[in-house]
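Below sits a lone chain in C-alpha cells, taken as the form predicted alone.
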Amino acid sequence: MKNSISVLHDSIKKHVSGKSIFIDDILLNDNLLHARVVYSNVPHAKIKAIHTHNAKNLHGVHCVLTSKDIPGVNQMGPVIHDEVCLASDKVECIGQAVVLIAATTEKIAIEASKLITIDYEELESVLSLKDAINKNSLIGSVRSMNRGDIDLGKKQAKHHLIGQLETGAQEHWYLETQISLAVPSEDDEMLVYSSTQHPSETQAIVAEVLGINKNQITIETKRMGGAFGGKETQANWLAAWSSLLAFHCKKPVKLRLSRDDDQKITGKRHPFIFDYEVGYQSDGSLVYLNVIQHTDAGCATDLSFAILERAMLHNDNAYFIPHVHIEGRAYKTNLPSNTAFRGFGGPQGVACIEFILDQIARKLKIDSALVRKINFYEEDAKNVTHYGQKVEYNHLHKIYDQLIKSSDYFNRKKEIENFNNSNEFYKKGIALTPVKFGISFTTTHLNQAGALIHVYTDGSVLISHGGTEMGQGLHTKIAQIASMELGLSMDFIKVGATNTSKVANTSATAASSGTDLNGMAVKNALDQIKDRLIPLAKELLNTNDEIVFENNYVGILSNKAKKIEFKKLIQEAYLKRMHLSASGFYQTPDIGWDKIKGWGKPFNYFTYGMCVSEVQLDVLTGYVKVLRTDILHDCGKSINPNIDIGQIQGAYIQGLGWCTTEECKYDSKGRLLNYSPDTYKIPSIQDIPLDFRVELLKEVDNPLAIRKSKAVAEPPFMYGLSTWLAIKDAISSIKNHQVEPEFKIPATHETILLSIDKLKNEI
C-alpha cells in the first residue's frame, strides 16, 4: 500500500491530459438547448415593462421566461427569502436576472437577449459601504460579542489607539465559471448537473422554484473547476434558471455564464470597514479592544450574517484580550449580493487585529513579532476567547519558536535595516503574522454529514458522501481514509459523484470541514461493515483473537501469517447473505453557541500557523516583489501532506491577491469596471515568492478529527497578511519607522504610492 505522501490527487492525470469531465463536457443529444440570462443594467429601479415579443419570434428560440412563468416560489434566498429568482416589479442591482432565454444554440440565445428591452423608472441607489453607513441602511439587526469591561480596560491601559481599516472586495475567479445542466424526465422529475458546493441546498432551491418536492429533484456534482465559496449559494441561481427553462421546454437546458457575465452578476468577498479603539501597556500587551465592524452585504442577505459573525469571532486572531466589545453591522447596498469566500469573514477580522498590533509595535518601537508573541493565547488563564471557548492544544509558541529560527527572522531584520539605510529608491520590509482559525460551521446544525458505502463481491468499494470536489483533493482524502480503514490498496476504492439521491440532507463543502465531516461519516459506515465481517473472519480463521484489516487481507493480529484475502472474505459474506452496504452518519460533538449572546463553543478545534514574508519595494513605481515567504502550518497528522502543502501554497497566493492586486472598481452607477482578466489582476506566476518555503508542523496529532488530522483549506489564506504588512514595513522605513503609513487592503500600486507620498509630506 502507498504511503500517504505518495498518493496523488485522484484527478491530476485526467486534468493535465484533458480527460476530466466537467459539466460543459457532458454530451447530450440534439435536443440540448442553450440558455441566456438577461439582467438589469441599472442598480435600482421599478420595472415598468418587459418587451419580449421580438425575442420570442426569433428562429431557434424555444422559450422566453419572466417571473410570471415561475410555477413555484419566486425566491432563491438560502437563509432569508429576500432574493428573488427573477425580478418582477423592481431591480436592486446591476446584474439581477430579469428574463431567461433558451435557444437551439448559444449564438441564437445571445442574439435573442439583444432583442429584449426593459423599461425602468430609476430609484435612488446606495453604491458604497461608506454611503450605506451614512444612510444607516442596515440589512438586519446589529450583532455583538462582549467579554470583560471596556470602561475598566480604558482605566487600566497606559496607551490608547483609535483608527480605521478598510478591506476590499475580491472576485472568486474560479477557472470554471458558474454552470448548470438541467435534464427533465417524467412526472416533472429533474436531474441537474450543477457546479455547486451545496447540492442539498441547490436541490431545495430548485424544488421551491418549480413548486415540486425535493424527491423529484436530483442534483449531481462530479467535480467543480474551482469554487472558493463562490458556489456555496450562488450556484443555486443557475440550477434554478436552467431547471425553469427545462421545465417549460421539456428539453435539456445548459446555462453557462461567460467570464465577463460571471464577474458582473455574482457576489464578491465582503468589503469591511473597521472602526476600532484599543488600549495597551508599554510592553505591547493588549488590555481592551472596542471594534465596530461594518460590512457590505450587497442587495440581499445571502450568508452575510454568518460571514459577519466569523469576522467577529476571529477579531482576536491568536491573541488574548482581557476586555472586548465587538459590534457587527451588515448593510444593504445596490450591488450584487456578496457571498462566501475562502476564510468566510475570518481574513477580514484577522486583518483588523494584525493591523492594530503592527501600529502598536511601531509606536512603542518594539519589533512587531515580539508584540505578537507577548499577546499569544497561553495554556493558563489566558486561554479563553472573547466568546467563551477555551483555546486547547495551543501550538502558537511552538510554531513561533521554530519559525523564528528557521526563517532567521531577527538576523534578516538587521540585514533589511542595513539595506534600507543604503538605498533610496528600493526598500525592503519583513513581517511575521500568525493564524488561529476555528474549524466548524458556526451554524451548529450544519456540522453533520452522511455517506453510503457499497462493497462489491470482487472486493471493490464504492463511496458516496455529501462533500463536493472542487480541486481541493477531498475525494482523494476520502479514498485514503477508506483505504486505511479497510486495509485495502487505493486500486480497490472509488469515490463516486456527489448525488442527492444517494446521500441526502447534507451540508455545504465549506468551513474547511469537508474531510472532517465526510471522512467521519465514511468511517462510521465502514465500521458497520467491518463489524459484520469480523465474526465471519474469526469463524473462517478459527480464532477468537483480534482481527486486523491490512494489505488487502484480513488476518489475526497475533499471527499475521494466518489471514484471508479481503476479496475472498467478501465473497464468503455474500454467500452467507450478509449486508455489504452501509449508510454512515456523523455529527460534530460538544459544540454549540448562542448567536444572540455571542457566547459558547462554536468550533470543534483550532488550527494554527505562522508566516514570515520579506518584500522589496520600488518606491518610485509602487512595484513589489516578494523575495521570500516561510510558512509553518499545523495540519495535525496530515492525511496527505502533498495535497495539504499544495492547499497552503495556493491559499497564500490567493490571500496575497486579496491583499495586494485584486481591486473591484465601480463607476458612479454601480457598474463593475474591471470584469475581465485583462483588467482584474489575480496573482500570476510572477507573484510567487522567489524563495517559497512551506513546512508542516510535526508531532501534533489532533484527537478531535478523522485520523488525527486537521482542516487546511481556509486558514493559510490569511498568510497573505504577512506580505501586506511587510509592504507596510517597507513603506514605513522611508521615515525610519517614525511615522505610521496610511494603508488598506488591497495594497495596490496606487495605494502604495499614495501612502508613500503622504508619508514624505509628513513633518
Partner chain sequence: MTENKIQFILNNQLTELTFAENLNSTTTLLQYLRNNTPFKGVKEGCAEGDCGACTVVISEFIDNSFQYKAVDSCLIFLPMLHGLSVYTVEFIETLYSDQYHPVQEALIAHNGSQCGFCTPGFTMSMFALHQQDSQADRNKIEDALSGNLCRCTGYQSIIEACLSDVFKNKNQQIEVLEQEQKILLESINTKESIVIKNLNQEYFKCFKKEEALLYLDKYPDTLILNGSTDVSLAVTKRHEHLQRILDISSVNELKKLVLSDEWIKIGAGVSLEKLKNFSENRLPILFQNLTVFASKQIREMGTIGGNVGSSSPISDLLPVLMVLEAELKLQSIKSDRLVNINDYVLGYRKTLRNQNELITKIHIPVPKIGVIHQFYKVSKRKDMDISTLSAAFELKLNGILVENIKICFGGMDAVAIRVHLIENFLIGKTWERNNIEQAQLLLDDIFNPISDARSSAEFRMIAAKNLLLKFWSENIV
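Here the structure is a predicted model, which means the values were calculated and not measured. Numbering follows the first chain given and starts at 1.
Only in words, not in the display: the form predicted in complex with its partner chain, which the text now covers.
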Report task. Could you work out which of G471, G72, G459, G487 is the residue within 4.5 angstroms of its partner chain in the predicted bound form, going by heavy atoms? Result -> G471
**Report entry** Contact assignment for its partner chain in the predicted bound form, among N420, Q649, T444, N394, heavy atom within 4.5 Å
**Finding:** Q649
**Report entry** Interface stretch in the predicted bound form with its partner chain - options 86 to 94, 236 to 244, 640 to 648, 554 to 562, non-hydrogen atom within 4.5 Å
**Finding:** 640 to 648
Query - 4.5 Å heavy atom contact, L620 to its partner chain in the predicted bound form - result: yes
Query raised in the report: Are any of the heavy atoms in T679 no more than 4.5 Å from a heavy atom of its partner chain in the predicted bound form?
Result: yes
Query raised in the report: According to a 4.5 angstroms non-hydrogen atom cut-off, is S507 in contact with its partner chain in the predicted bound form?
Result: no
Query raised in the report: Are any of the heavy atoms in Y574 no more than 4.5 Å from a heavy atom of its partner chain in the predicted bound form?
Result: no
Query - Residues of 11 to 30 having any heavy atom within 4.5 Å of its partner chain in the predicted bound form, listed in sequence order - result: I12, K13, H15, V16, S17, G18, K19, S20, F22, D24, D25, L27
